[in-house]
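In the block that follows, a single chain appears as structure tokens, in the form predicted on its own.
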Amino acid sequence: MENRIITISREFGSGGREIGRMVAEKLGIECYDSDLIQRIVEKSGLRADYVKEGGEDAAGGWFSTFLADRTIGKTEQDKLWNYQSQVISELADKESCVIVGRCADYILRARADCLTVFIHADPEKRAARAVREYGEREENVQKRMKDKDKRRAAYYQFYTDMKWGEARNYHVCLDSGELGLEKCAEIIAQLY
């Protein structure tokens, strides 16, 4: 039987990572998030800090735009994308699991048994959560949220040619600010 996969994309501060962990716990399967970084590092030999930051940053600037047609060859960012895609595909082939972020919804789009989820919330609720849970400073939290989401959206657009967070790109979109993290996890687990 083919493994069943849940991918969770999320806005910064929406609790998507925690929801992914809760879903995995409810279903008795693994949740891959930050440990994906270590797996990509092991496969690629790239530095952990580069993998962590580069996995959400689109190539930027005129030079990267120039290279985007890949006529000169693959960029380091492209190589990271390929390693990331390999690791995510290998995990999906190996076991049923939850995968948070890193464009897993796109990478696994051809799999028949993959539920793609996007978690979002009102900016004020996300900001309050980021301050409370992540230790963000109140005076900088709105800028941090905007920057983080902008980077995620640009990266997603660059590598998938799709719009990050657009409902039609996911099977389910849930508002964690209204529903709460636990209810979101329950809904996702029931859909599994």
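Quick caveat: nothing in here was measured; it's all calculated off a predicted structure. Just count from 1 along the sequence shown to find any residue number.
Keep in mind the form predicted in complex with a further copy of the same chain is missing from the figure; the text below concerns it.
Residue contact check for Cys97: none of its heavy atoms lie within 4.5 Å of a further copy of the same chain in the predicted complex.
Although the partner is absent here, Glu138 lies well away from a further copy of the same chain in the predicted complex, with no heavy atom inside 4.5 Å.
In the predicted complex, a further copy of the same chain sits within 4.5 Å of a heavy atom of Lys163. Residue contact check for Val23: none of its heavy atoms lie within 4.5 Å of a further copy of the same chain in the predicted complex. Comment: 116 to 124 is the region of 88 to 96, 74 to 82, 102 to 110, 116 to 124 lying near a further copy of the same chain in the predicted complex, near meaning a non-hydrogen atom within 4.5 Å. Within 4.5 Å of a further copy of the same chain in the predicted complex, a heavy atom is found for all three of Tyr170, Ile187 and Gln190.
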